[in-house]
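The data below hold one chain only, encoded as structure tokens and taken in the form predicted on its own.
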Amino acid sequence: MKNASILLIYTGGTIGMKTDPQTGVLVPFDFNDIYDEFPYLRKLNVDIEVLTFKPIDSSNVTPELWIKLARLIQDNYHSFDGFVILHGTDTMSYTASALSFMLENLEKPVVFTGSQIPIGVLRTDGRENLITAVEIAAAKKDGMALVPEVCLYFQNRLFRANRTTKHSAEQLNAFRSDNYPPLAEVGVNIHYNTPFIKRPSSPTQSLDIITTLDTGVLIIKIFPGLTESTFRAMLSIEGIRGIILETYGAGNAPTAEWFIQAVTEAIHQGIIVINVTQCPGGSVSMEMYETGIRLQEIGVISGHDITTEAAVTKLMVLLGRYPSREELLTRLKSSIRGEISD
């Protein structure tokens, strides 16, 4: 039986560091020696090819990296059964969410992972994360990938990428998916939650990528004490085409007339405004309270249970792709990659 083939892409991050035995300082890990460092991988019957970027701290990630990754996956799509992308944890949910929207008709796993402790340190979580991510990316049943979507694996949980948020800078289970169940849970065995895994609606179509992104997007977090002058200044930033409005609870915001008027003016100027809850879990329900109803009446779009990371990247992708406001709004209100609950 032919081995599964995996393209391992290292972009940077904590997982790619090891301790130099002579100096004791952290130096980049050479993933081309992956079988020597992790001989267990040979037991998976997986052929791994490594592609290493010039390491970048994930705090410096830009949409240019997302475009580079999308093109790389497209160029190598027919040569590999799956892809594992090693990435720094700070912006992993942004990059993984962006790729989920940029890759259309995906039929193969694209698994993001990383670590909280460098892979060359004795207590690293990177070793298990890497090995299991490779195993999941290679997993098939009846010749079909078990998880044919962009996902994120960390500390015994596989999540849909565009449902994730990094919640801890210290804990090894650094990521959560508060509004959607894990796609797989890992213990002695890997248990795949098959009903929750998204599969392509037209599996015969070829992979397409979207590489025109519009970065004229702004996140505004509502807080007690936000002044009219500050709020209007943010709304009037040149080049802004879309705003993620992080509101309280179920989508509530101030009812002050200046606030409603400022948002109304922004929408009339063509700016897209999406209402996303500040809460880690739960959903925007704009019809529940007076404040939400007023926002809905002036044209604010409900983000439902979308994460901020997914809202930002989805908006960038759709703004870059659809010049028609009507089609753009239709796409924003619907789930296109399982990022919101139906």
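Since this is a predicted model, take the numbers as computed values, not measurements. Numbers for residues come from their place in the sequence shown, where the first is 1.
Omitted from view is the form predicted together with a small molecule, to which the following refers.
Handout entry: Stretch from 227 to 235, 115 to 123, 101 to 109, 251 to 259 whose residues place a heavy atom within 4.5 Å of the small molecule in the predicted complex
Key = Result for this chain: 115 to 123.
Exercise for the section: Find the only residue in Asp30, Glu37, Asp57, Glu49 having a heavy atom within 4.5 Å of the small molecule in the predicted complex. Expected result: None of the others qualify; the residue that does is Asp57.
Problem - Residue (of Glu149, Glu246, Glu135, Asp90) lying close to the small molecule in the predicted complex, criterion heavy atoms within 4.5 Å - result: When the small molecule is considered in the predicted complex, the option within 4.5 Å is Asp90.
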